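We begin with a single chain expressed as structure tokens, specifically the form predicted on its own.
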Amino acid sequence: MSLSAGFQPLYKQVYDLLTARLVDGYWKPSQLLPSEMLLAEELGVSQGTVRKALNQMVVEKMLQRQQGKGTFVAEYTQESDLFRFFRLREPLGEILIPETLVLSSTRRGASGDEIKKLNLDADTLVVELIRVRSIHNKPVIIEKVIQPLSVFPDIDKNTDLPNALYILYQEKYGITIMSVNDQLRAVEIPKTYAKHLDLPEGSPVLMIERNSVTIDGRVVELSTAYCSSENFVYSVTLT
């Protein structure tokens, strides 16, 4: 990408170029970026323009700043992933860390809805992962996760999946999830899932449908979670 005068502000052109480098794997998770001065010299712009682009990337959590050390590519850890994207809390706001049990991981053809949402070819295979998540030794969530094999080759052959899947996506596949889109509604838990949460058939639960989105805006994972929220709340902070 070349920088040029045009309708798009110069800092936004720098932002787009640096974001493309992250998408292409030019810089790896936890890698230290060149200084603002070096980037400015390379791109032929002012340090102020580079700083504005980097600031936006920090706000969007693509990058992390460490006082006295510099700016680094954001890296998922078990804690950062769970705290950022796991939304169940105690009623008074205490952060909860779930334990996870995988029930099954199965290859199958993608459904029409999955093909549309994940922008897949018609003959694409996906992995359907079913797992139960427990809090305080009580099962509270059963989750179906859809993973395209075209994005995550042989992901079903991983015998030891981490509690937070986004760590695996980043470390093994170079896929960084930058945002999620959640839709929530109250439903009756499906019959086949009720027993896994120790609930009677037809019990009301919170259903969360999630699309997981990469740096470049691609949806690469779908999930549907059924949550027994009798003792927990779904918490979101807006800023």
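Residue positions are given as counts along the sequence shown, with the first one as 1. Quick caveat: nothing in here was measured; it's all calculated off a predicted structure.
Although not depicted, the form predicted in complex with the DNA is the subject of the following passage.
A.B. asks: The DNA isn't shown here, but in the predicted bound form, which of 196-204, 180-188, 58-66, 209-217 has heavy atoms within 4.5 Å of it?
C.D. replies: Among the candidates, contact is made by 58-66.
A.B. asks: Indicate whether Gln170 is a 4.5 Å heavy atom neighbour of the DNA in the predicted bound form.
C.D. replies: No, Gln170 stays farther than 4.5 Å from the DNA in the predicted bound form.
A.B. asks: Is the gap between Pro29 and the DNA in the predicted bound form 4.5 Å or less for some heavy atom pair?
C.D. replies: Residue-level check for Pro29: no, no contact with the DNA.
A.B. asks: Is Gly174 close enough to the DNA in the predicted bound form to count, meaning some heavy atom within 4.5 Å?
C.D. replies: Gly174 lies outside the contact set for the DNA.
A.B. asks: Considering only heavy atoms, tell me if Tyr15 and the DNA come within 4.5 Å of each other in the predicted bound form.
C.D. replies: The answer is no: Tyr15 has no heavy atom within 4.5 Å of the DNA.
A.B. asks: Is it the case in the predicted bound form that Tyr11, Pro34 and Ser46 each bring at least one heavy atom within 4.5 Å of the DNA?
C.D. replies: Yes, because Tyr11, Pro34 and Ser46 each have a heavy atom that approaches the DNA to within 4.5 Å in the predicted bound form.
A.B. asks: For the stretch 186-206, I need every residue with any heavy atom inside 4.5 Å of the DNA in the predicted bound form, listed N to C.
C.D. replies: Read in sequence order, no residue approaches the DNA (within 4.5 Å, in the predicted bound form).
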